[in-house]
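Coming up is one lone chain in structure tokens, specifically the form predicted alone.
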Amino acid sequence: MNMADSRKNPLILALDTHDLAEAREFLATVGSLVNYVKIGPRLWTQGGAPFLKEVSSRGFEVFLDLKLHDIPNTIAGAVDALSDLGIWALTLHAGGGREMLEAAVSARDDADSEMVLLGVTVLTSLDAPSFNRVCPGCRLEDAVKSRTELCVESGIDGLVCSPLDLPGVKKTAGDSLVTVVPGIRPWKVSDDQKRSATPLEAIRNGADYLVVGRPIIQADDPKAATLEILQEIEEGFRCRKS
């Protein structure tokens, strides 16, 4: 799979804008500072495959974050359809089970695609009490561990996890899975990200890629905010070496 050296620039810009026009403006503003762009359900619904190809044609690696979760046959069909769009990575819910994940891997491989498949462990918007509401009797930490093991066993390339889950994920998977980490907050804020960390903390704890949206999108100066995050990332890598 096409897993570029994340240390060159592991920042993934979450292009969670209101519409395509605003998305294009942000790419023009901060595009020179990032290599990877995450496109979620809103922009995918508005722009579809043509918008993905447009972003790719501008030199960005596209991370399509749809968190696919369905029966194996349906997932295989979706992955097959997405495999020829030239995107860098695609997310699936690891909670869909081993057969679903294996079906995704088989469909991607049968399509002779280099698209990276990432399993989502537990949403960063869920803390232990809210997770217990949807999975009574199962500890959040146990779910992350089990789903990490599923990703390893099914041949998934990597996973998406909370920065707080990184130590456990690394202990379970070692270097066999690339880690893509959302819930990154350079400063303390009150929003729906209940399990978050700073860029420095996440990189220091072993994250390969960081997904950052609102701290950049909602900043008064998006370019300055991006540069500040990149500086923290560099410091995080230095802490790894010390």
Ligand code: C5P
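Keep in mind it's a predicted model, so treat the numbers as computed, not measured. Start at 1 and count along the sequence shown; that's the residue number.
One more form of this protein, predicted together with the ligand, exists but is not displayed; see below.
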If contact means a heavy atom within 4.5 Å, which one of 22-30, 169-177, 209-217, 42-50 is the stretch that engages the ligand in the predicted bound form? 209-217
Is Ile229 close enough to the ligand in the predicted bound form to count, meaning some heavy atom within 4.5 Å? no
Report yes if any heavy atom of Arg204 sits within 4.5 Å of a heavy atom of the ligand in the predicted bound form; otherwise report no. no
Report yes if any heavy atom of Arg185 sits within 4.5 Å of a heavy atom of the ligand in the predicted bound form; otherwise report no. yes
Check His69 for me: does it contact the ligand in the predicted bound form (non-hydrogen atoms, 4.5 angstroms)? no
One residue of Val144, Val120, Met100, Val79 in contact with the ligand, assessed in the predicted bound form (non-hydrogen atom, 4.5 angstroms): Val120
Check each residue of 142-168 against the ligand in the predicted bound form and list those with a heavy atom within 4.5 Å, in sequence order. Val160
